[in-house]
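The chain below stands alone, shown as structure tokens; this is the form predicted alone.
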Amino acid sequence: MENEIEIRAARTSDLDSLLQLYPDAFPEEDLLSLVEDLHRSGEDAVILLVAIAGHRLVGHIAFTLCGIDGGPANMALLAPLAVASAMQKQGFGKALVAEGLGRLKARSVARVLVLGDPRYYGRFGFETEKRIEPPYPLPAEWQDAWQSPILEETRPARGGALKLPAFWMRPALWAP
């Protein structure tokens, strides 16, 4: 990575930059209302981190704290993760994921779930998740994209349906 990187907690003042980042990183998707909802949620519900390079916000990641039906709320959903198109493949996404996983482990989060590219997230120890169900059925071609690593080996992972805040309960967020 050529640029010096700073990973820090997102601030309210970052929202305008994030509303520009997401259309650049994901021109085919509209994630702006989700990003706004995540930033309104507060630290007790969501961990938000940004990557800064050269005094410019170039990346963002969110971890929504959650649980499963009838189980403890000791899980997190990793999404979304965005890096400015001009800054991709320079290690910013990797730095954001690593910092976030470290912070979650420090908070005794036992499992992190993601719906994403197995080749990318596999580098962080993510594997296909078969016991915890996403909020909506996934298309067959996405089954391997529902993944998780176990962060805390002393807590056995229970199976069940993932319980998330209302802003995640939009079917469009879980469909092609």
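Everything quoted here is computed from the prediction, not taken from an experiment. Sequential numbering from 1, following the sequence displayed.
Only in words, not in the display: the form predicted together with a small molecule, which the text now covers.
At a distance of at most 4.5 angstroms from the small molecule in the predicted bound form, all three residues 25, 88 and 115 contribute at least one non-hydrogen atom. When contacts are judged by a 4.5 Å heavy atom cut-off, residue 94 counts as touching the small molecule in the predicted bound form. Taking the partner from elsewhere, residue 55 is found to have every heavy atom lying beyond 4.5 Å of the small molecule in the predicted bound form. The shortest heavy atom separation between residue 120 and the small molecule in the predicted bound form is within 4.5 Å. Although the partner is absent from this view, residue 81 contacts the small molecule in the predicted bound form, with a non-hydrogen atom inside 4.5 angstroms.
In summary, the region of this chain contacting the small molecule in the predicted bound form, judged by heavy atoms within 4.5 Å and restricted to 105-113, 121-129, 62-70, 136-144, corresponds to 121-129.
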